Structures are given as C-alpha cells and as structure tokens.
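Take a look at this single chain in structure tokens; it is the form predicted on its own.
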C-alpha cells in the first residue's frame, strides 16, 4: 500500500463504507491518513472507582461482574446494565438502546471505560461510556488521548480509529519522507511517519502539538515553494515592455480635481516600473474603501494606452463595471482615448472623436472595434470577458498590454493567455478593498508583488461609529438624517427568517416590512438581497443613488457596490455575525460625500470577543489595523475560504503565526530550485489539489 492506493483496495473497508468515506472526500489511503482529527478527548488519566468524580468524564479499568439487558417500564427503551469492579470499589454502568452490548461484553471481561458519571436517587452510574476490552495491545478508544474526527452518516470517530490503527501498524515503517532531511534537522521537525502516528494516536498532548507543527510547517513550506515556482514561471513568459511616459502622466495628475496622496504616487510608480520589464507584472493593490485605488489603475491604464497597447478592466458586478466606466470616462475624457463598456445589457462606447458623451453600440460592433485595436480600454465583468457561448461573442484584443481586476484575487497565466492573441502575456494589476494581514500576504498571496495605499485622501470626515443595544436610538438618528434630505442603509445578516434560528437574528424581509409599516410608514423604503436577479439589483441600486427612496434594507450584497454620496447612515443589525473586514466594508459605503456620516453597530451578544471586536470598530478607522485584530480574534477564515484551500483548522489558525511562516519561507529558499525528486512529486500533488489559479 502507498498514499495513492484507492480505499477500495484497503482490506476491512467494505463498499458501503467506501461510499460514506467519499462523502468526507476520502478516496485514497493518503486522504485517510491526512484526514486529521478535529479535536481530542483526554481519557488518559485512569481513576480508581472509589476516586471517580461526579458529573465529570472519568476513565476506569476493571472486571465485569455482571451484564444484562432489560426493558424500561414503558418498553420504549432497552437498558443494558453492567456492574464493574476494580480493587477499590464497584460501579454501575448503563447504556441506552444498545442491546448488542450483551453480545460484545461478557461477565469476566477486563475492560476500560471512559464516560460521564452521574448520581441519581438510587445509585452512582457511568452513563453510555466508550468501552474497550483490555488486551496486551494498547487501547485506542479509552485510557488515552483519543482523536475525534469529522463524521458523516455511518462513519464514526470510533470506526475511523478502528480502521486506522492496523493500517498504521502495517505501513508506518514504509511511509516515505517528503521533506528534505536537512530541513527536518534544522527546524527540529518530526519525521512524517512519527507525525502521522502522533497526530492520530498521541501518547500525550505534547505529541499532538509536535505533530501539528510538522504539518503546519510542511503546508506553509509547500505554499512558499509553489509561490516561488509561479514567480519563476511568470518570469519565463514574455510581456510587452511599456515605457513610462512622464509627460502624459504629469499632465494627467495635474488634471485631477484633487492631489494624489504619497501612497497613491508610490503605488502608481511601483506598477509602472513593473510594466517597464519584458516579463508580466503580477501586482496586488490593497487599499481601504475610498483610498483611491481606481486613480492608481487609471495611471497604469493611460500609460499603457499611450504605448499603443490595450487595457481591459474586469469587475465582479455590472454595477461596479458601470461605476468604473463613469470614473474612467470622467478622468480620461480629455486624453484622446476610446473606452468601451461591455455588460451584456447595455454596451456603450465613448469615442475620442466625439469628446462629449457616450453612445450605445451593438455588441458585434464593439467586439469588432476591440479586435481591430480601436477600443483602448474595455470595461466589463470577468464572466463576459472569459466565458463565451459562441465564437461571435468572444472578446479578442489586438494588442493587450494590461489587465486590471477589481476584487478578484486570482487570475492565472492561462487565463491571461486566452485574452492575448499574440505570444506576449499582459501585465496584471489586481485591486482589493479588503486589507489583507501581512502574514496572509506572505503566504497565500506570496506570488504577488504588493502595493498598499495606507492613507486616505485629505478632507474626508471620519465616520462616527457607535455600538447600539436599543434599536429606537438608531431609528431616531436615521429619521433625523432623512429629514435633512440624506439616505440610510440597514444591513441584516440573512434574507428571511428561519424557524431553526434564533428569532433575534434579523432578516431583510422582516426588517423591510417592520420599517415600512411600523417604524417609518411615511418614508420610502426598498430592500435588496442576493436572490434577486442582477437586473433587479442594478435597478434598485441605481434608484437608491438617484434618491428615489430613503432607506435600503439589504444583506451583505452592498459590501462591494455603487457609491451613494448622499447616504450618511449605515445601520448594521447583528453586527457580531460579520467579520471586522466586512463591517469595515459596510461602513465604507457611507462617508463618500461632504456631510458627516454615521455607522451604528447593533448587537445583543455579550461575549467578550464580540465586545472587543465592536470596540475595535469604534476605535479604529484603518482597515489594515482591523484586519490584524480580526485575524487574531477570529482566524484567517474571515479572509480566505477554508474549504477552498482544504486546510485543517490547526493549519488555518497558524496563518497568524509570523515566526513559523518565516521559518517555512526560509526553508523553501534553502531548497529552491528543487533537486529532490520526492519533494518535486509532493509539490506537484499539492499544486493539483489546491488549484490556486
């Protein structure tokens, strides 16, 4: 047997269990071995019966004196009663609805039991304990630190332990090491066979910690190697070298109605210097909501166009694409540039010959102009650019020099190549308004060069943020703002109420009805949520911006959305249900005009973590500071999908540990380029599983 052995070929795992294991995404022996425990129970302390602790979990060892099954008085339940004794005392043990116990255990059997001990009117009892017959071999379910796994119907933790133990006994000595020996010694790591043994069957808690450290290190080490490999692969690709056109850039900057911040200037320069090279730029531009990322991308775009290359800008929604089109139109209308908007519903073209307004254009004509190179900048959603049903609708560029992605972290070389008809690969500038903590950028996005806009433009009024426990106060403040002619957002955690959830968890539909009929019957109130059709959502956001209603009740779909300068209130129901990064995004939806804006955080949670998080929102207006706090308090799941990466919880939680990240990065630099064949194969398998791009 080896790691790629299908579970069908492992003895002791029948066809029914094979199907169940596949529900847990376990298809091979390697999957089974790397299906790490989600938790552990410490049953290692064996007590004498006379010393057992009431209302606590105890582990005892003794001989069965008697065992019998009986029916409960109403015959609805079977009871298996057992009397066990050691050299100090005896104890009654009881199992409910497990009649097979009398076949599994007999009087005279030496057993070990782990379970909770209760006291009732008649006696002291151990109720429904885990049990195991004592043999010469070690116990695996009791009397030790016991692993607990993710389970599915028909697959219990006990069954996984039962199957794993003989497999490990058989193959442990044959498990091949995947890390170079010098790395194991230098960083004091467990070998792979020992780590697998201790993660599944630890002798003590220290063994769990050691094993987890080995796997955390290995995962971060492989991610770092993969990032280095991707950087090298990118450098081997040829890109159009785009010189910096200083006269045009200076004229553009002087035309702006505001002064660039030092951070905007620095990030613009970093991007343009990257694009001077003849291999593709791969840069991530981070900045808070309203920090001015679009202007930085516009500088890179105008520099590209003046080098006679085309630019494509992709955004996740039609609302954002239209917003970008309007911004680029206003910024570049005096620079002799053709801009196209391709949305599928409303294709628009701004011609430098017109120099005044936009004109509607057919999809076919817009695509023809793009292919001929007559469109300098094309703006659209990523789906419209990369997914096409017919050849007629396929977007082709004449000479693509720059791809700008808004709020999309991953866009690989293969995807770039599909947009470039020539052999050269376009430069890539990704933008995100979610400030990513430094430890995550070192690992997950380590193949990207990083530019950070860490200062907001001057003149912005700080949004007043307040924690509110009574809705009446928030409603009163909303009403005052609306009387001044302003507008308000109300965010709810869910679309509609759920009988299985607490009634305190607000839904958009319920809140919309309450505000419309009871709280603000005279105001114009609309709702927005993710189940609506894109066209309907676009219309609602457009109407809100055009002041056709006063209050928008919405789910998190407004996290990334259109600017509404007249909105001055952001009220967030169930604020504890959102991460700090997300709350900061919501808050960034207001404060975009000249008027003072407010953010009200409503929560009924009294937990220490919630209070600390809400206070951080009040104290800090820096997304980067809040992201670091969220990483510490909630873990990396708030910034990246755990399921997408397939990382165990203990690896995910390590992504805020800068020390082990640095060690793994240093180790990867020690062995790169890779000469170890076994490590090469391990990295290939890791890359295939992750699908980073």
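Residue numbers count along the first chain shown, from 1. Model, not experiment: these values are computed from the prediction.
The same protein also exists as the form predicted in complex with adenosine-5'-diphosphate; that form is not shown, yet it is the one meant from here on.
For the options 309, 200, 506, 592, the residue carrying a heavy atom within 4.5 angstroms of adenosine-5'-diphosphate in the predicted complex is 592. Checking 157, 139, 264, 80 for any heavy atom within 4.5 Å of adenosine-5'-diphosphate in the predicted complex turns up a single hit: 264. Contact check at 4.5 Å (heavy atoms) against adenosine-5'-diphosphate in the predicted complex: all three of 260, 289 and 460 pass. Remark: of stretches 612-620, 523-531, 289-297, 465-473, the one touching adenosine-5'-diphosphate in the predicted complex is 289-297 (heavy atom within 4.5 Å).
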